[in-house]
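The data below hold one chain only, encoded as structure tokens and taken in the form predicted on its own.
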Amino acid sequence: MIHVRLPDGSSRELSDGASAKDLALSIGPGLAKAAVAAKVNDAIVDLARPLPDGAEVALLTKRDPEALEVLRHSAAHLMADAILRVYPKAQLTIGPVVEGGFYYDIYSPDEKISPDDFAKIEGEMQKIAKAGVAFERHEVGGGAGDEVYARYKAIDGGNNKFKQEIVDGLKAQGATLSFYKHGDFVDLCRGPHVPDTGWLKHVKLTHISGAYWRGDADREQLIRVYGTAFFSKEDLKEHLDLIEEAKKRDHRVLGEQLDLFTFNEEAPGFPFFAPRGTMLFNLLVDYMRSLLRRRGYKEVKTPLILSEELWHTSGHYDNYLENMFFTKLKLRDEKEPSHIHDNVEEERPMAVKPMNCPGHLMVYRTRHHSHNEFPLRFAEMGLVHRREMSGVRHGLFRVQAFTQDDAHHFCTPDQIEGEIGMLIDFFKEVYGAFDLDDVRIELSTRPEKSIGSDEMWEKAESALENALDHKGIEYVVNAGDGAFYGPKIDFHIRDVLKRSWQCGTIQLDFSMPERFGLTYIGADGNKHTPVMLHRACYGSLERFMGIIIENYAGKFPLWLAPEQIQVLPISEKFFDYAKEVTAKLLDAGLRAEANLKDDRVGYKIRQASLQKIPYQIVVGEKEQENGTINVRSRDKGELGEMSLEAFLNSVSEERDPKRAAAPSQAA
């Protein structure tokens, strides 16, 4: 007999070899029917896996977030099986679960898979789901005599080099090969999976993109087919509705419609901001600067290009080389001026900065410092450049040049907790101003590629953990995802479409100040190395702009709107009065323009509505005679005739990001 412990602290006695399914049956038939998978000693496993003696076991149902991942993992296998039925010459590679669904990378040089074929693929998926075939786990050695392994190799032609590469890599690591089989389909997989394909009735293919094997542009090009899955028809419909809404809110489309920004092939991955987009960008900067001043930050400005040697000292060269831009000298040939020598060797090679931290370290190092100055906070709206493959660039979300609202805190070890507490409150205030109140915090620990000693990393990780615990902050640990120089706290914000974005970050660094020889005079009169906190709240201003464009569907609150008011005279006779009203609005500090084009007022109203301008002021004979204005609100409709003073009083709260009510976010 074996004994297992349940989440409520109770124990159960089961027969040797009993599975999680047996445990569920021993508790009740309802739970056995509802159970999807099990968490055994914190590892998610299939219900059919035998339980070890003394295990802590939690049975997962559709109410548990982990169960949805299991469902989607199984749906990826379902999709792969269906694709092979429709495209028998296709070859499978990998198919993981991702945010909001799953994908499978397919190699199909002879047959192109397109969204037009989704109906056929989904038809096959429905047949497999209706059959309710069990998912079976098999662990084999991968030898010629293994029946399951032979079937795995045979399902997509028997000559899949991608599979062989994966298998060879696992064998080299000494890992066990585990396969999952449902019906005639079998795939290499760690699992876990739902009990059978009958759970997979609410699955939908969503879109297709390109990919490269192993993410290497020099390797084979693959077709990445995305899908999603839910436990209920209602949840699937809600998700698909959100996808459709996201298409309407696509910041690339709205950026063009609202004349905010464009991209040009002459500068791939580098945005061009139009006047309105520049205004929005500057509003983000101005709002952040107003908060920085109140928190004692000192703004600095550091060079865009620095010595390549500096990046060796910081560790970026070794850990970030592939993402950096380097300057190269070109010279005309002295004898043949038409001939240009490329990549001429320089005495002092230079590199374009991918991050601002070394520049701030150099500013710190220009003079001596005392502990009485701490915490010392340097801030910079710093433009950085990072190489990004064309396949991953995406509007403002992934560009090759972006502005960080970057800052570095220099402090003593006993000031770490206070600085982190201040930053957590600071970041939440910022996100709240943009109606992004759903914030999740992750603690990311030491990555495989890192600098610094084990002792330094243990000290840094403990400092962040203690700061979060003492402040009573809920967080999850994201193991191995820290920066190469230190652990970090990441802020994930969820927008109106329930999508998660990683924006803010606080990174603790004991290493880089030491590498640059930074010191301060402590209370004991001796020299010490300061602790450095790297932090950014927006992260990338360009990316954050893209997020809020989509969060608001371009309908910015008044304080954030690039153009707050448009004054519309009904005819040329009232142009002068329109100019007079506009001037008074400008004097009051509002961003207003008069539309003096030779168009009908109805057309002007429609154009202002399409541009999502918060307020339109229509003026004609009546308004001119009465010295009034006629107001139309984007969010509230017709407000009617009123004095200019009454209008200014009515919008006073909307002009303040801390007092403005959340606007309507409907598309």
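Start at 1 with the first residue shown and count on from there. Owing to the predicted nature of the structure, the values given are computational and were not obtained by experimental measurement.
Quick note: we don't show the form predicted together with the RNA, though the next part is all about it.
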Inset, instruction - Work out which of the listed stretches, 49-57, 65-73, 605-613, 34-42, brings a heavy atom within 4.5 angstroms of the RNA in the model of the complex. - result: 605-613
Inset, instruction - Would you please decide whether M642 lies within 4.5 angstroms of the RNA in the model of the complex, comparing each non-hydrogen atom pair? - result: no
Inset, instruction - Would you please decide whether G391 lies within 4.5 angstroms of the RNA in the model of the complex, comparing each non-hydrogen atom pair? - result: yes
Legend entry - Partner proximity in the model of the complex: Y552 to the RNA, non-hydrogen atom cutoff 4.5 Å: no
Legend entry - Non-hydrogen atom contact G227 with the RNA in the model of the complex at 4.5 angstroms: no
Legend entry - Contact at V399, I570 and D598 by the RNA in the model of the complex, all three, heavy atom at most 4.5 Å: yes
Inset, instruction - Would you mind picking the one in N282, Q502, Q126, T313 that has a heavy atom within 4.5 Å of the RNA in the model of the complex? - result: Q502
Legend entry - Listed residue (P96, G210, G158, G589) with a non-hydrogen atom within 4.5 angstroms of the RNA in the model of the complex: G210
Inset, instruction - Determine the residues of 256-281 with a heavy atom within 4.5 Å of the RNA in the model of the complex and present them in sequence order; the list may be empty. - result: E256, E265, P268, G269
